[in-house]
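Just the one chain here, laid out as structure tokens, in the form predicted on its own.
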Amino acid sequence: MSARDKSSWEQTPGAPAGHFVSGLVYTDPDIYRDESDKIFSNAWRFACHASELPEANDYRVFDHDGQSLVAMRGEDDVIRTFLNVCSHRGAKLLDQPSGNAKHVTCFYHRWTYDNHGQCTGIPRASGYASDGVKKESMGLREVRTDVLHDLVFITLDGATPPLETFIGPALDRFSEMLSGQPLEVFHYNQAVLECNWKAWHETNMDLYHEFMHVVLRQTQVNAMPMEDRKLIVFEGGHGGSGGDLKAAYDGYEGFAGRGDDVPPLAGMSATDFRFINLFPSTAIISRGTVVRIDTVTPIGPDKALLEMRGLGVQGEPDGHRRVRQKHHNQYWGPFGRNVPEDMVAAESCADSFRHQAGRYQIIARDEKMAGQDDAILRAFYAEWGRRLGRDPGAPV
């Protein structure tokens, strides 16, 4: 077959609808604004792990849909989330990413708030007496917050269905691993990616790209028959492994014996690999002895903030913790064998679509929910299209 000319290059792929995605979904500013209005303003989204707020009055600041939010653990042990904005003149209340504060004081005019979001002090409050401004009615804007398996989720929309309804059974296979022993975050890093947020999330939904990673070619692709690798999708655009995938760590130098010197996580063996992608932008991935949680936040049509967390067993011996950190860093983190390559892939595709050289992404692999099927990508874009009222293959 010969190469294509301009006309044939720009034609839609021969695959059925739902089996390809237009490059415009990664670049069009109107689509980006639509995603903000119809996805990120009302979907539940992972904010942090409860272990990041271990004590009363601990707080964690994070961004969501262009807004700064702060999650706080109250003295009643309840985690609440608020817009990180003073009720008085709109100044940001907390600049540090985390800390402990029984009272939050705005630097601008010294208004104060407690960890229930109540305004507790207004300097020279008598000056507002004639205008009806009083601390009892000037509390912070609270954001709906729920916790499942120590995963803290938030939504900006009061009418969004409950978290358990939104997630459904998608986390059932992770419940023992996440709750069978107390876990805590031991690794956190973030990076700004020069790509659309979906381009990163796709790397966690796409098993076909295992061939890109040298370490996966040697430890995972041939660790079990492709037809025995089961995938599953759920209502709402979630999807992941339907059964445990296997890894053969002896196939890569320095990885042999992985799991012999530290207990695997609850409900898993040392060679199990399990993952779930939660719509719209969170992935939970476990390699037997350690868990990674990804969250990607849109910054613009072609820029995104990636946050990555590594989790181990809370209170475990120092020797076990060092082994889990090693296992985490072998694949993940800024110097792991997988993550930097995934970043290059996401940004490489973004560069093509940004300049309209690339026209479509093809997500047409059909292996009957086994092997390297693209079913998870198709389920994600089906939910994306339903929420936006757009066809991913012809969105404009």
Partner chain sequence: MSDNEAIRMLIAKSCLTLDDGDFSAYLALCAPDYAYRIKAWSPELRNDMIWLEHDRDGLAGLFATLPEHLQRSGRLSRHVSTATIEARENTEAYDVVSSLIVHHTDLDGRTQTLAVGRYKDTVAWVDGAILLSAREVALETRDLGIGLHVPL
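Numbering follows the first chain given and starts at 1. This one's a predicted model, so the numbers in the text were calculated from it and none came from an experiment.
In what follows, reference is made to the form predicted together with its partner chain, a form of this protein that is not presented.
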- prompt: Quick check: do R274, K368 and R387 each get a heavy atom within 4.5 Å of its partner chain in the predicted bound form?
  reply: no
- prompt: Using a 4.5 Å heavy atom cut-off, which stretch among 51-59, 358-366, 26-34, 65-73 contacts its partner chain in the predicted bound form?
  reply: 51-59
query: If you check in the predicted bound form, is R337 within 4.5 Å of its partner chain, heavy atoms only?
result: yes
query: Would E253 sit within 4.5 Å of its partner chain in the predicted bound form, counting heavy atoms only?
result: yes
field: 4.5 Å heavy atom contact, H187 and its partner chain in the predicted bound form
entry: yes
- prompt: For A159, is any heavy atom within 4.5 Å of its partner chain in the predicted bound form, or not?
  reply: no
statement: Residue within 4.5 Å of its partner chain in the predicted bound form by heavy atom, from P97, P169, G121, G242, is P97
- prompt: S269, T112, Q325, S179: which sits within 4.5 Å of its partner chain in the predicted bound form by any heavy atom?
  reply: Q325
